[in-house]
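In structure tokens, the next block holds one chain alone, the form predicted alone.
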């Protein structure tokens, strides 16, 4: 059995984040594809949130851990992977801030903009889950898409600030989380700013197969969904 076991859903960019990371970090891992196999009593016993990715690893107090950013932070701390998660307090704070801003601000907008096109269920309380008509749901999706420009500019001007990566000369775990997330925007033909296209290319070029191989699953799913609506 591998040191790190990841329960994953291959079409998910949240899962893609940790899949890229374990490969780029050279960690010993195995992946369990949970497509169609979540929500079982066995799975909920170790993951009551019913979320993926899920890491199972001997050093964890409860044996398992969900949330992609927490998983990467834990593995960096355990294995001293300073190249992905700097030990300097200030630099680490910037990496943390970039990830928290993504999960708290950017990702909710991205989910509202892309999940309807991807066929994913929306979060409770969203317009897409309400009794609103198709016109209102389409407007909410377009409004979320338009609102993405603000957070993206924050990444360009603040978190990148003229550097190639949030981590500086090399990608950090915040870069992996950000780049993986942006993959979903291909589902709605989002017009990436030039800097974002360059950033995505730099991430894949730098990380190589560690990025490209798992990203192919997300891209393949997007291509499939788009082909069904063509």
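Positions refer to the first chain, counted from 1. Keep in mind the model is a prediction, meaning the values are calculated, not measured.
Not on display, but discussed next: the form predicted together with a small molecule.
- Among heavy atoms of residue 38, some come within 4.5 Å of the small molecule in the predicted complex.
- When contacts are judged by a 4.5 Å heavy atom cut-off, residue 51 counts as touching the small molecule in the predicted complex.
- Remark: residue 123 counts among the residues lining the small molecule in the predicted complex, judged by a heavy atom distance of 4.5 Å or less.
- Within 4.5 Å of some heavy atom of the small molecule in the predicted complex lies at least one heavy atom of residue 68.
- Only one of 24, 9, 222, 215 comes within 4.5 Å of the small molecule in the predicted complex through a heavy atom, and that residue is 9.
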